[in-house]
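Only one chain is included here, represented as structure tokens and corresponding to the form predicted alone.
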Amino acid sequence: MIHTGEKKDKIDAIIRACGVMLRMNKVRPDARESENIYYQMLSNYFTRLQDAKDEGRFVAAHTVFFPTEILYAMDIVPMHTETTTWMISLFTGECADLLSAGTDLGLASEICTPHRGLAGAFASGALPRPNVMLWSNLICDNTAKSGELLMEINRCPGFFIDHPFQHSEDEMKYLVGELNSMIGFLEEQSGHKMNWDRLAEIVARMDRQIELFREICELRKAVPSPFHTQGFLELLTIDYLFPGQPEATDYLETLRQELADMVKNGEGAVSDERFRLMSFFIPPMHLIGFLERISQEYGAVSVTEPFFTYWGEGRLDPNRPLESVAEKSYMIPETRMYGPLDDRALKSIVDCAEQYRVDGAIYYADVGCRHTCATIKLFKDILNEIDVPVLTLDCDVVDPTITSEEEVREKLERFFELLEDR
């Protein structure tokens, strides 16, 4: 039996934390306006999710890299599953109860913790049950398989999108067919018809947002770099949760102007920039505050993330909205890691290292992610060829028992000493 209070606990924690951040920013003289917009967006997103069932709204839970633009166009409430787990860890400091509940289901400790935590969250009633479950094979096997389990736990229907590895004309036609089939499924399940005019408007805004992502990344090339040390996580969240939404455009335009003003005034994210870093993959959410502090302490700032913020080329066409949604899935930075690894991934690493003048790279090696850890040596070798040292931090995105603040501090301090001596 799922009790209503339990069901809303974790969502409540996220909403309350966003409220705290907004109140704190009101008294902080250095608070960014874009940060206020960001936390208000998060609060609105999770409040809408929390209230959906009481308001009789249709909820679709979906995994990462899913075409959420379609859900917004159909007036369906989206629930990004992995990001919800990350936010629980970020704002509460731990997910031990959810991971334990996932283990009780028989999921091994080697399983990616965001997915193990999701299973535990739904099974224990810590998250509201969706009406449908949507998932794809982007970007790893855990994602491809977790949808089936979550559909079973929530006793709801689901739809799987089979995303082709390669980007050819035939594969694009296949993917558009998959998206059309999903729309038919959602129309049948929800009773909501696709609003093609609304989807075209969303695609037009998404095209603008991708251009803003690129402009922001150009501004981050400045010395000193203006974007705050772990700011790339905001950019990730904006695309994951709010693609093509007006508030996302507002956030990105505000942030772009803030960074442009800082560059014009010669201001950086840290008071004395000493180390320009490249970041690979997701840092431990429960250590974000610590990572911000130690970055300020040592003058270290992440200036580029090849698989998170370095968008591929291309534009979206609102006159061909569904084809544009399919096209966008190949432009997302993370898709360079999808399928057989090739020059899309390797060249972007070298390009970013050179263009952003990085001193070193930090590789957040999530122990539960076989996809991530499989590329450690390859990426290190490529960066060593251009004389960029790499620190590998064994960690977990949401599980605090894997590594401690003290361990991370010790490794980072040694790495910064190495960079200082070069």
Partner chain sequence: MFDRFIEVNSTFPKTAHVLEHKRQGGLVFGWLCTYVPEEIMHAAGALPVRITGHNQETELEDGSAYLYVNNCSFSRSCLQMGLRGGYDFLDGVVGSSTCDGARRLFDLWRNYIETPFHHVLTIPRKSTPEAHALYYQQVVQFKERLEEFLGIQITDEKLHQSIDVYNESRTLLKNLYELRKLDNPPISGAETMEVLNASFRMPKELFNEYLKDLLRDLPSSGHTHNGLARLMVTGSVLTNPEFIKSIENQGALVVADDLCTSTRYWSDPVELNEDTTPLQAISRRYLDNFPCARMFPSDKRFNRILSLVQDFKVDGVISQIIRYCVAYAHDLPLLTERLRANGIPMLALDVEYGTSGSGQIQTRVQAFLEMLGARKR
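These numbers come from a predicted model, not from an experiment. Numbering follows the first chain given and starts at 1.
As for the form predicted in complex with the partner chain, it is not shown, yet the points below apply to it.
T392 is the sole member of T392, Q50, N36, N44 with a non-hydrogen atom lying within 4.5 angstroms of the partner chain in the model of the complex. Proximity to the partner chain in the model of the complex, defined as a heavy atom within 4.5 Å, holds among F242, W135, Y251, F122 only for W135. At least one heavy atom of T375 is located within 4.5 Å of the partner chain in the model of the complex. Contact annotation for D359: none of its heavy atoms lies within 4.5 Å of the partner chain in the model of the complex. A residue is said to contact a partner when one of its heavy atoms sits within 4.5 Å of a partner heavy atom; E69 fails this definition for the partner chain in the model of the complex, lying far away. Residue contact check for G191: none of its heavy atoms lie within 4.5 Å of the partner chain in the model of the complex. In short, of 202-210, 108-116, 82-90, 316-324 it is 108-116 that has heavy atoms within 4.5 Å of the partner chain in the model of the complex. Proximity to the partner chain in the model of the complex holds for none of L22, D261 and N265, with the criterion being a heavy atom within 4.5 Å.
Contacts with the partner chain in the model of the complex, taken as any heavy atom within 4.5 Å, map within 141-180 to D141, N142, A144, K145, S146, E148, L149, E152, F159, F160, D162, P164, F165, Q166, D170, E171, Y174, E178.
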